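What follows is a single chain, given as structure tokens, in the form predicted on its own.
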């Protein structure tokens, strides 16, 4: 795993792999950079730069071998043993996120969920055990979890994030739209649906 790649490059590499996964079983399948770029609304130059950063160059006649491309991306961005992940907040959004990830072909394995709702604690959601958030430190340590997905209500975001970091979490995917201050060494990724929609709205205005 190369930790020196720019975050945007890692994001695009993940997208390349997910797109190409559907073509991997084709006999001797290849793809050109301009085709891959068109499918993801990028430029061929950007695609070639990204792939050169992980040591891949295309064949002028055939383009890139898809199986080799998928394999090299995996070698670059995946941890060999995968990552154990916690989902925090089992509301409608949390359940949707959990279902999506559980069906995806990824090395991100959600092994625990947390909530404060007594009707959800000590149950299973999509095959994942749900625990009381008060047990986070114990479960995170026992299950060797280092990544958390935060889907709690906004008013609970800051305190919950603090608890997770104190419990050993080192990376957070934040769905709450609340700004979180995290210390150095913690990787935070915000996913703000409203901001994304408003950005789209702005750019489609007549």
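Please read these numbers as outputs of a predicted model, since none were measured by experiment. Positions refer to the first chain, counted from 1.
There is also a form predicted in complex with another copy of the chain; it is not shown, and the following applies to it.
Though another copy of the chain is absent from this view, in the model of the complex it lies within 4.5 Å of a heavy atom of just one residue from 125, 112, 133, 77, which is 77. This chain is displayed alone, yet in the model of the complex one of 39, 53, 156, 137 has a heavy atom within 4.5 Å of another copy of the chain; that residue is 39. Exactly one of the stretches 56 to 64, 139 to 147, 43 to 51, 159 to 167 approaches another copy of the chain in the model of the complex with heavy atoms within 4.5 Å, and it is 139 to 147. Of the heavy atoms in residue 121, none are within 4.5 Å of another copy of the chain in the model of the complex.
Though the partner is left out of this view, residue 189 does reach within 4.5 Å of another copy of the chain in the model of the complex, counting heavy atoms only. Another copy of the chain is not drawn, but in the model of the complex it has a heavy atom within 4.5 Å of residue 172. Although the partner is absent from this view, residue 93 contacts another copy of the chain in the model of the complex, with a non-hydrogen atom inside 4.5 angstroms. Along 77 to 115, residues 77, 78, 79, 83, 92, 93, 96, 97, 100, 101, 104, 106, 108 each place a heavy atom within 4.5 Å of another copy of the chain in the model of the complex.
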